[in-house]
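Each of two forms of one protein chain follows alone as structure tokens, named structure 1 and structure 2.
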Structure 1
């Protein structure tokens, strides 16, 4: 695989060129995404970090096809038409309250007409992976916030899309579950090598998971830096974090990000004052 990838042309899975999004806001229009260009090769794990409100969710929703850009181009290569090109893990509570955990997780498979016989095993496997075996037939109201988020993660993975779009999927989890799921994600990703666009506000998380970190500027969101993360895989969360190289890179990203977080604060103060 490695050799072939080096010899043949690897098509860019996601190609974003000069993309902007303006929302028609109430006092004045809001520029959520400003002239972003980014190309993600197939099989790359990309993390996007940036201050709150800088347009990360908007960018992801445009890639998912849930929102239309105001200007610029977006190309997403869809290879296997029998599957979905992308599945989104939403930042907010998004599992259906009227379906059991099992039915939520099988949702994508059912919608594209996979037979029950075929999907049942897949669903069972992901239920186990996110640690919800005893809650397979529970309804969401019986789950904690973190458990709901795990259902949402399993729903996207079970759907087996070509691209995973993850919007701060672990933000609502407690520390232990977060690390367990990060390791699970690393393991699944090593098996499948899907293209992933992963949004997070945690620098550590970005460096642990990704091949590449995109740092975005505060409002309006632009690409500030594009940093390669070349720690060897397979990775172990704590082992990796204990390495000096990890700390150095984390500090580098923090320096970049700190400027933007400060700027975001100033912007916020300015808007609330006016």
Structure 2
């Protein structure tokens, strides 16, 4: 495992120690995540990359409280009890089809009992931030896929959680919309500095967005490398990608990841043959 680069100390927001997750299965149980240890300081943007089936989403769901680990420890620091500890943005569109854009974004605030005058101002601000001012009263069936994900992002930030958990939120989008939403996310994150744990298959996306990239091994998922991403912020996606240093770091991550992708294919072939 590569040594973690030195970073300025801030309190840990997420602390994972020797965590494993085993699912029942036939003919034998399936080890999804194996002995993972990971610390995420408050305000840091961390991306996790790895081959399909390496347990990235399982790890995220455990942090979200949607799954329980089989062994190991998870500590998530919840400092402000008036806020949600986390909000999760999924790959698939998860907004309510019977609610307008405005009502979808305000949902979490309304459920928390925030005063109408307060939440209306917050919602209007985030509608503007994600460029949906002219669609505030539209319903999901009237929106494109990219616009629906803008609603998901606005809803998560408007709810003001301490931690954002994002599971490949842009994977299903075309390249143009993906770039636009990456830049939107960067802009909003620069203002809020939320703690973010972000799952992606894209090396470029991980390097554009994050302060650190965690590379996972093929099944079962373990931490293979923990790489600091030191490009200055604020970042512009294509300007950053044009820099030689970006290409060099992307190649380094790919070298680490390629070994695991090939191993995952070998394991899949061996399983199919048996």
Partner chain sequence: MSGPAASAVTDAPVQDQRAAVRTELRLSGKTKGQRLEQALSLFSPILLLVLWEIIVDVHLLDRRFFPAPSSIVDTFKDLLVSKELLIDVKDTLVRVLVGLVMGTVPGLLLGAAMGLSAPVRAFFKPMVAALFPIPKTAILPLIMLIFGLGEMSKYVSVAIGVVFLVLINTMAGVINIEQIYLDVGKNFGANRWQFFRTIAIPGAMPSIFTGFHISVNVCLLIIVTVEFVGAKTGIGYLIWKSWQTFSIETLYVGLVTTAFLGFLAQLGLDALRRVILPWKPEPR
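Numbering follows the first chain given and starts at 1. The term rigid core refers to the most C-alpha atoms you can superpose between the two forms while keeping them within 1.5 Å. Just so we're clear, the structure is a prediction, and the values are computed from it rather than from any experiment.
Here the chain appears twice, and structure 1 is the form predicted together with the partner chain. For the motion between structure 1 and structure 2, the hinge, where fit shifts from one rigid part to the other, lands on 163 out of 124, 180, 163, 253. The smaller of the two rigid parts turns by 9° against the larger between structure 1 and structure 2, as judged from C-alpha superpositions. Once the rigid core is matched between structure 1 and structure 2, the CA atom of residue 96 is found 3.3 Å away.
Core fit done between structure 1 and structure 2; CA of residue 147 shifted by 4.2 Å.
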